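Quick heads-up: it's one chain on its own, the form predicted on its own, in structure tokens.
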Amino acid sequence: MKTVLVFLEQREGVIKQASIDTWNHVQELVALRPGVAVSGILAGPARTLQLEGLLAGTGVIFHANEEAFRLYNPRRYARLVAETMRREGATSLFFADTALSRDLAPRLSVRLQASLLSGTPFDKGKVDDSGCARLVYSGAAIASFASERALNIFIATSRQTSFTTTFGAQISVVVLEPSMVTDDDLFPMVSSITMHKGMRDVAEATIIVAGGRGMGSSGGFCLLEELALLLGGAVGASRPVVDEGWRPHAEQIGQTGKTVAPVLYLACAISGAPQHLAAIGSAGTVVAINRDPHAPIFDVADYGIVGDVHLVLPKLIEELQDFLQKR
């Protein structure tokens, strides 16, 4: 039986939603392939009980529940995943496309002599060692990629929209024996950046309310924060906004920021630079509000409102509040 391994990423003991979505998508991919099993690898102390009702399919999750794995350490993580791959005889390894996976997956590709496809979009169809297609050059072209057939192991970092479990699960968790941590694994801690409690990561949010320089100032984002709170979403920003210092880099969406795939993307006063449009290419529904009727964002928007965001947003928030109160 062939084994597919999924890396489950945790932060502060909470397993990232992007990893949960990746597990469920992989389960969907192998559901039609008899003789393929799905296993997971989780590094660091984490609340595995949170996975109940969130994971689909069947499989085993191998949990390295040690304090040494709480923070990402490239050598330590690479050795753990490689050893698990060899022990289980896994031929495929899937990651959610995150900052961590973009560093760890290439290391494992070299270590395991594996073929690597990075940033593969689940929502564009089948994703496996037969290849994939994705946008390149800030969305100006579509490139096709195929894995090296001569290599026996396949690794992919995958982007996808949010996924809802629709079938039952039989998941067991196996805690791995403590591993030996050597001095070679030691990396100095330069700084630690932690998001405020309650803030959503735009890379994982199903609803994003994003603002551009047309918001006028950092104070203008109060409207976006209010709207995002009503919708249960996250606040995003374009690069010029982050360059101005109005919002943190963690919220930046674009070629030098984060690639997102929400169900709903609300672009407020964002003109639509190619780098930004490429980063929202996997969004479900795009709604744009801009005073310029010729703004490039309208070329990709499913719905558009031509107007001043400072006039449109208060009305939109008021109507949404009334709608929610009547429910």
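We number the residues from 1 along the sequence you see. Note that the structure is a prediction, hence the values are computed from the model and not measured. Here the rigid core means the biggest group of C-alpha atoms that line up within 1.5 Å when the two forms are laid on top of each other.
Same protein, other form: the form predicted together with a small molecule, not shown, and the subject of what follows.
Q: Does residue 213 reach the small molecule in the predicted bound form, with heavy atoms at most 4.5 Å apart?
A: Yes, contact at 4.5 Å.
Q: Against the small molecule in the predicted bound form, would residue 264 count as a contact residue? Criterion: heavy atoms within 4.5 Å.
A: No - in the predicted bound form, heavy atoms of residue 264 and the small molecule never come within 4.5 Å of each other.
Q: Mark residue 281 yes when one of its heavy atoms lies within 4.5 Å of a heavy atom of the small molecule in the predicted bound form, and no otherwise.
A: No.
Q: Answer yes if any heavy atom of residue 269 is within 4.5 Å of a heavy atom of the small molecule in the predicted bound form; otherwise answer no.
A: Residue 269 belongs to the contact set for the small molecule.
Q: Looking at 239, 247, 134, 200, which has any heavy atom no more than 4.5 Å from the small molecule in the predicted bound form?
A: Filtering the options by heavy-atom distance leaves 239.
Q: Quick one: from 179, 218, 91, 256, grab the residue that has a heavy atom within 4.5 Å of the small molecule in the predicted bound form.
A: When the small molecule is considered in the predicted bound form, the option within 4.5 Å is 256.
Q: Based on heavy atom distances of at most 4.5 Å to the small molecule in the predicted bound form, which listed stretch, 231 to 239, 92 to 100, 110 to 118, 74 to 82, is the contact stretch?
A: Selected stretch: 231 to 239.
Q: With a threshold of 2 Å on the C-alpha, tell me if residue 13 counts as moved between the shown form and the other one once the core is superposed.
A: Where the cores coincide, residue 13 shows only a C-alpha shift between the shown form and the other one that is less than 2 Å.
Q: Comparing between the shown form and the other one on the rigid core, is the C-alpha shift at residue 59 2 Å or larger?
A: No.
Q: With a threshold of 2 Å on the C-alpha, tell me if residue 39 counts as moved between the shown form and the other one once the core is superposed.
A: Result for residue 39: no, shift under 2 Å.
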